[in-house]
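The chain that follows stands alone, in the form predicted alone, written as structure tokens.
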Amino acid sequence: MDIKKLMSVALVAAAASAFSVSAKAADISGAGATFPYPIYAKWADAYKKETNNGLNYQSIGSGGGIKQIKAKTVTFGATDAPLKAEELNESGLVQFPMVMGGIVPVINLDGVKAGEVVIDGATLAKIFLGEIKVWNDAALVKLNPKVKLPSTAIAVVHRSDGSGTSFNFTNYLSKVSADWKSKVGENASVEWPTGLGAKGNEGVAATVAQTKGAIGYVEYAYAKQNNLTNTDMVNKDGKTVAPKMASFQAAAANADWSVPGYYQILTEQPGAESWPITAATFILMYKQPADKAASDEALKFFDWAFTKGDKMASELDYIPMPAKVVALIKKTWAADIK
């Protein structure tokens, strides 16, 4: 075989190899919420080792995930701000919950350890409205009589991107503060009255860690992984609770997953042990996917995560979906995704 033919064969082989690798890498593609990224990354690593199939997940925020699935650039979108049944039907999408977790206030104060500072909803709303400006404000001192709070200025940190974490956080503030509800309201993106913007749970965690006097809000796994100082909170029943598996589970136990599209908001749930800012994170997929093979591969991954991923989720203080709910979700897959 002459040199030209050898080069031609080599180029064809290289092209085929590149296509095979890129096609396989794109088999399970998703984008969206940063809230579940730590557990999706952990699941993806274990799944890759077990099946040799990878997950390409872009942690870009719920707003970005919704845009990408609607643009059909990914196999699945992920959002912590669930879509209502009308929007799902209009877009030809199926929605199901994947895991639940807690959103926690995190602070950066010298000498203060996790759980030493307590905040209630009304005070948290005033901080994010810019009405409480220093850490030794009377409202915070009253809630924390045993803590020596400094006169340090409060640096509010919020999300700069369209965020399901922000949706749940502002939903909570709207429930506990009439002022917040009327002046700002709830949404994945709002006009923040004050503070610094940061992209993703990752960005908020990093900014709080770097900013003295800061307060922000992140999914609890980010607080743990970044050794951030979380606050405790006063819940709907007037009880002081810490962010932990039991308090997230107590709030999640109130969920009614029989509603269309599994639409659930889990903030400000009743119960003496309930964490007040608990949330679920959701997957969005097409009922009639353009690439059925890719859709089937994604469902295999989600099935594996439901079957084998609970322990990994619990280790990061996420709440796995109950077995009865998983059974309902699998029925939805069989009935709706063709």
Partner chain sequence: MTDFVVQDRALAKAKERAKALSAFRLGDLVFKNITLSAAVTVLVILGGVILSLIRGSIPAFHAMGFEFLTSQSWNPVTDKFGALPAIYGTVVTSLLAIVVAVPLGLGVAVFLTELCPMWARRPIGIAIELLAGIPSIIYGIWGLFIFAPFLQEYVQPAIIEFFAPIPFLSSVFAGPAYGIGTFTAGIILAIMILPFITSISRDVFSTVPPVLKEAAYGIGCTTWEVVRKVVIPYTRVGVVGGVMLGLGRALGETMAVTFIIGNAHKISGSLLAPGTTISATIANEFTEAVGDIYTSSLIALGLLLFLITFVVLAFARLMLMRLDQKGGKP
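Numbering follows the first chain given and starts at 1. We call the rigid core the largest set of C-alpha positions that still match within 1.5 Å between the two forms. On a predicted model such as this, the values are computed, not experimentally measured, just so you know.
Omitted here: the form predicted together with its partner chain. The next part is about that form.
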- Consider the chain as shown here, without its partner, and state which of 265, 155, 234, 132 has a heavy atom within 4.5 Å of its partner chain in the predicted complex. 155
- Of the options 212, 113, 142, 84, which one has a non-hydrogen atom that comes within 4.5 Å of its partner chain in the predicted complex? 212
- Item | Stretch in contact in the predicted complex with its partner chain, which is absent here, among 119 to 127, 179 to 187, 217 to 225, 245 to 253 (heavy atoms within 4.5 Å) | 179 to 187
- Message: Is residue 64 near its partner chain? Define near as a heavy atom within 4.5 Å, in the predicted complex.
- Response: yes
- Task: Determine whether any heavy atom of residue 196 comes within 4.5 Å of a heavy atom of its partner chain in the predicted complex, and answer yes or no.
- Result: yes
- Message: in the predicted complex, does residue 160 come within 4.5 Å of its partner chain, counting heavy atoms only?
- Response: yes
- Message: Residue-level contact is defined here as any heavy atom of the residue lying within 4.5 Å of its partner chain in the predicted complex; does residue 312 satisfy this criterion?
- Response: no
- Query: Is residue 213 among the residues whose Cα moves by 2 Å or more between this form and the one not shown after superposition of the rigid core?
  - Reply: yes
- Item | Post core alignment: residue 199 C-alpha displaced by 2 Å or more between this form and the one not shown | yes
- Quick one: once the rigid core is lined up, does residue 259 have its C-alpha move by 2 Å or more between this form and the one not shown? no
